[in-house]
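Quick heads-up: it's one chain on its own, the form predicted on its own, in structure tokens.
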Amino acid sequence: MAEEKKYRQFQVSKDLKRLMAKHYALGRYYRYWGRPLRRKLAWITSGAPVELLRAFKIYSVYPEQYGAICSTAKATEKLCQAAEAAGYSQDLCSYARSHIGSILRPDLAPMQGLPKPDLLVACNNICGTVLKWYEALAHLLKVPLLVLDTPYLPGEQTEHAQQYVLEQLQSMVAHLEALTGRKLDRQELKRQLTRSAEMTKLWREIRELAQAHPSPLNGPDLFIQMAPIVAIRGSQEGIDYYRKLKAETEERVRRSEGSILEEKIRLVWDNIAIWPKLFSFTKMFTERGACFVTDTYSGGWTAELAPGDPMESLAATYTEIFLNRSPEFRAQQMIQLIEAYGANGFVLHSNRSCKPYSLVQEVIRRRVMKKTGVPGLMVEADMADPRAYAEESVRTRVEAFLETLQA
């Protein structure tokens, strides 16, 4: 049976393509709306408090997501080479290199690169690299950079940590008021948080539907369908889309229709997708009836917004992003996913680019295997740069891993 007949596609995905195309098109022209009050455009890291920018009517686009777009468009290698030729090391994050390459060589980039921003907003709760990446962008583009520093959480969040982040957010408000000429509308911020909370809840509920046997979702579904929660979080369009996606996913569960037609093995995935090989890599699993029923990466956008004052809620929520937590927390998260989703094993992507995600994976792998008794496979690759992917060695390891599960 041909592979394409073993995999069910979501009908609603056609709406997703239009939605994301509209998002990037609006980003290119948003600043020209509503003259004479010129609107602002920001480049923002995926773990930054976008609701605050939305309250100031600042339109946001995400260079990290654009890095994934470059990879799926097969443009990453040339863009990285352009950045490397300018002196950026090949050891740097491939999202950063490809994005910087798109600025240096827009002729090689999808959509000829992102529209130039009026400001940059970086938060280090997901990654320390973003600080230097965004410093380089500020230097290249001559635009202001706002940084939100979140302290690492070895255990539970402390009042001191939350207050530290809250004070920075208050300082950020002052900068945004000066930049936009507007005062913060706290009611609008509250409305933005309410929409974000609704959209996050929908995304969480969609993911939880994969606890069904067979799973209505597979790894590529999760990675592709997470685009709205990253790029248009808090928008009504995103809410509407996830309502439709949830309804279609629920219908699959009602009909006992899996994302793959012959589910035999259930797996948990850890780390960012291998974007340039997303489907060919997944095919190694689906052709043997293995389905990635859940993952840690797309689940990073399921955290509930903390209750209370909007600014305090932002401080608490964005400090507790899962990559800002200890190996013990992440191991327990993986254990809970394996138990809740009935997984037979798990696969960790040792991602050459994303060191905060990857460096403690072997510690996590051993702890999870000891606690659950299910096997875990480590695969070495890169989230965007295809030069770091050795297909034959990956295939050998995957086949050996799946044979142990089928024995």
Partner chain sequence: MDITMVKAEEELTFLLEEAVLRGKNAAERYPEQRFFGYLCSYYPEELILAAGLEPLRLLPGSDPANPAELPSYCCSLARGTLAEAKKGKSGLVGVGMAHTCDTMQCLDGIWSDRFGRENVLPIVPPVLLNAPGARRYYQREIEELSAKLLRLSEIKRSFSNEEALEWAWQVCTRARQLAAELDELRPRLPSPLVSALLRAGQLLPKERFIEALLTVLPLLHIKAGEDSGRYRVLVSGAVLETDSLFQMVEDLNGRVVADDTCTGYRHYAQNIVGGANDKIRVDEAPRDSRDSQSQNSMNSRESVLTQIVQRYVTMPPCPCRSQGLEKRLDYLEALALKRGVQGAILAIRKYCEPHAWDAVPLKERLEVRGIRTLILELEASEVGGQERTRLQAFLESLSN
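Residue numbers count along the first chain shown, from 1. Since the model is a prediction, treat every value here as computed from it, not as a measurement.
What comes next is about the form predicted in complex with its partner chain, which does not appear here.
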May I ask you to choose, among 184, 337, 147, 119, the residue with a heavy atom within 4.5 Å of its partner chain in the predicted bound form? 147
Find the only residue in 235, 200, 296, 168 having a heavy atom within 4.5 Å of its partner chain in the predicted bound form. 168
Site check 12, 214 and 260: each within 4.5 Å of its partner chain in the predicted bound form by heavy atom: no
Taking its partner chain as it sits in the predicted bound form, is residue 358 in contact with it (heavy atom to heavy atom, 4.5 Å or less)? yes
Does any heavy atom of residue 102 come within 4.5 Å of a heavy atom of its partner chain in the predicted bound form? no
So in the predicted bound form, is its partner chain close enough to residue 133 to count as touching (4.5 Å, heavy atoms)? yes
Is residue 89 a contact residue for its partner chain in the predicted bound form, using a 4.5 Å heavy atom cut-off? yes
Choose one stretch from 206 to 214, 160 to 168, 191 to 199, 275 to 283: the one whose residues place a heavy atom within 4.5 angstroms of its partner chain in the predicted bound form. 160 to 168
Is any part of 109 to 132 within 4.5 angstroms of its partner chain in the predicted bound form by a non-hydrogen atom, and which residues would that be? 124, 127, 128, 129, 131, 132
